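Given next, in structure tokens, is a single chain: the form predicted alone.
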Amino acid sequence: MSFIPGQPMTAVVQRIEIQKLRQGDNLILGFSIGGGIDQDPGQNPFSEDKSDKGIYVTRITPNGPADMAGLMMGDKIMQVNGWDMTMVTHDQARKRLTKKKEDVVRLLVTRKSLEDAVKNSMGGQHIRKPH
């Protein structure tokens, strides 16, 4: 998905709700993120055109809260609890995800396989012309 700042974009999204795991004073989500408008998008292994400064899931703890909720490595996080995550710094994204008062995180994510499935279902209908 190529993204041009300031231009409307279409994304196939999935809602994922993660119940944080409480360990003492810590609330565990079970995943790590990469990216942000303050990071080098060329270092992002999930960005197709190497100019995408979005927030991506870079690691999932097996059997952790995020894994159990269906989050996948490479998912691009579009929203966290209603907050837009498309133009945030890495630190802003981390803070949004780790708020102490929130036991549940509701994510809106997009992933390559979702986009491909929709493109294939839309573009896969070929009309044969009679010879």
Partner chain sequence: MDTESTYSGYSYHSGRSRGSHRHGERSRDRHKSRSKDSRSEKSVTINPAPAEPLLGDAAVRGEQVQDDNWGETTTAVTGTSEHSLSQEDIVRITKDLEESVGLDCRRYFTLTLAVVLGLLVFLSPLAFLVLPHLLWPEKLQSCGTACEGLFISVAFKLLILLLAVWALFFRPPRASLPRLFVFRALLAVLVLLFVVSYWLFYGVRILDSQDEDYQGIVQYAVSLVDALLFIHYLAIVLLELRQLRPYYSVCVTRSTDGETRHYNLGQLSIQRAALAVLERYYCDFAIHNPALLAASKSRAAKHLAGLKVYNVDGDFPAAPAEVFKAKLRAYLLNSPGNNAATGMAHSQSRAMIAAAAHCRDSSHNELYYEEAEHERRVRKRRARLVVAVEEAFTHIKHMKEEEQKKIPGDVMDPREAAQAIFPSMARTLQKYLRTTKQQHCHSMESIQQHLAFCISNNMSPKAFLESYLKPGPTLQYSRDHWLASQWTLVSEASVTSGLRDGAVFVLRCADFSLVVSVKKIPFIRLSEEYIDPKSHKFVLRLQSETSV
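Everything quoted here is computed from the prediction, not taken from an experiment. Residue numbers count along the first chain shown, from 1.
One more form of this protein should be noted, the form predicted together with the partner chain, which is absent from this view; the next part is about it.
- This chain is drawn without the partner chain; in the model of the complex, the residue among L97, V88, M78, A69 with a heavy atom within 4.5 Å of it is L97.
- At least one heavy atom of D40 is located within 4.5 Å of the partner chain in the model of the complex.
- Interface residue remark: R106 is not counted as part of the site for the partner chain in the model of the complex, having no heavy atom within 4.5 Å.
- Although the partner is absent here, Q92 is not a contact residue: none of its heavy atoms lies within 4.5 angstroms of the partner chain in the model of the complex.
- The closest non-hydrogen atom of S51 lies beyond 4.5 Å of the partner chain in the model of the complex.
- Of the residues in 51 to 88, those that come within 4.5 Å of the partner chain in the model of the complex through at least one heavy atom are, in sequence order, T58, R59.
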